[in-house]
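Below you'll find only one chain, the form predicted on its own, shown as structure tokens.
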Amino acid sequence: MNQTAHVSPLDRSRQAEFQQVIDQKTKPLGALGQLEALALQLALIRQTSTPTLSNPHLLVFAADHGLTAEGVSAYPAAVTYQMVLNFLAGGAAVNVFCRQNGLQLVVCDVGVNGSFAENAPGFVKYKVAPGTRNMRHEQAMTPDECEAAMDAGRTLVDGVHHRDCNVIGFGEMGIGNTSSAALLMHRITKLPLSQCVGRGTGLDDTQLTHKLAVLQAVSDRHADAQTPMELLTALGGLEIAAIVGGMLQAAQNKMVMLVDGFIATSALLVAQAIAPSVRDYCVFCHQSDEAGHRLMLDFLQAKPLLKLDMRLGEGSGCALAYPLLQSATAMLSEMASFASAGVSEKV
């Protein structure tokens, strides 16, 4: 598998043309604020002044983490399996928001310690292993497992793309995955580990101190890991690796990418380190309440659409922000220009 496959940067040759279309809408210049920047980005990704959003999908990858044996999460590892069952039953927050806003939800078991009925609607299985290893003692994955998880993400993205999907979000479920995300953030951004580690699913002060100590030991153990693939293999999760592969494929396909919270953004840090132009295709849906996410967004020079103090994961922020993309495309396609409406421009 070619992990360095080329991702083309956005073609900006028509940027002035698209900006002129936005500026000529019947409003004061810049009056729709961040929505105008979003409209311009969508026009650039789709290379038209009237972009459409087709068959939107949200892919939720689920996997277990061996590091949970070290007591880094407030919830037991079994919750990963239980929550996937909840997704399949339609009862999770992300199910509700996807139904509300018209996104197709697909749940992928890429590494859950348990089995599921394989004929469940909206469920696919690309199980690489029943979870990662305990990275306090060894690498989370072998290189082959990491590549297989990335392939799962690529394959799923390509599959929905061939069904006319041009906008895609990524979610995750994996007890312990804020630890992987914090470690990847620490090693890629070079920020102090203490600024990257948060309370996850609700740790108290004592548990947070313990988590930080465990993660420092993990980072020290894998100090030799330097390249994006080495870091992902040593410190990542199978679901995070799947999202990395999915993001790379989505950018290659020139799809609009919805980026969720702390875990999904950690995957983007890896994907961008592999192919910097991936960033061009990303819409940052919200700023998570998880400690470190704002610093991740600052590192990426990203301005999120929403700030709702959420820290749920699952891709929930993608589903909630999606109507703003619909508004941006509707503004481009349906809002009158000064000329067409016969409205005088600013003197």
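All residue numbers refer to positions in the sequence shown, first residue = 1. Predicted model, so just to flag it, every value in this text is computed and none were measured.
We do not show the form predicted in complex with another copy of the chain, though everything after this point is about it.
Enquirer: Give me the residue from 45, 291, 278, 320 that has a heavy atom within 4.5 Å of another copy of the chain in the predicted complex.
Expert: None of the other options qualify; the answer is 320.
Enquirer: Check each of 165, 231, 128, 92 and return the one that places a heavy atom within 4.5 angstroms of another copy of the chain in the predicted complex.
Expert: Answer to the contact question: 92.
Enquirer: Any chance residue 298 has a heavy atom within 4.5 Å of another copy of the chain in the predicted complex?
Expert: Contact check for residue 298: no, nothing within 4.5 Å of another copy of the chain in the predicted complex.
Enquirer: Against another copy of the chain in the predicted complex, would residue 311 count as a contact residue? Criterion: heavy atoms within 4.5 Å.
Expert: Output for residue 311 is yes: heavy atoms within 4.5 Å of another copy of the chain.
Enquirer: So, residue 21 and another copy of the chain: in the predicted complex, are they within 4.5 Å at any heavy atom pair?
Expert: No, residue 21 is distant from the partner.
Enquirer: Taking heavy atoms only, is residue 8 within 4.5 angstroms of another copy of the chain in the predicted complex?
Expert: Judged by the heavy-atom cut-off of 4.5 Å, residue 8 is well away from another copy of the chain in the predicted complex.
Enquirer: Given the stretches 119-127, 95-103, 231-239, 155-163, which is the single one in contact with another copy of the chain in the predicted complex, using a heavy atom cutoff of 4.5 Å?
Expert: In short, 95-103.
Enquirer: Who in 24-60 is close to another copy of the chain in the predicted complex, meaning a heavy atom within 4.5 Å?
Expert: If the 4.5 Å heavy-atom criterion is applied to another copy of the chain in the predicted complex, 24-60 yields 26, 27, 28, 29, 30, 31, 32, 33, 34, 35.
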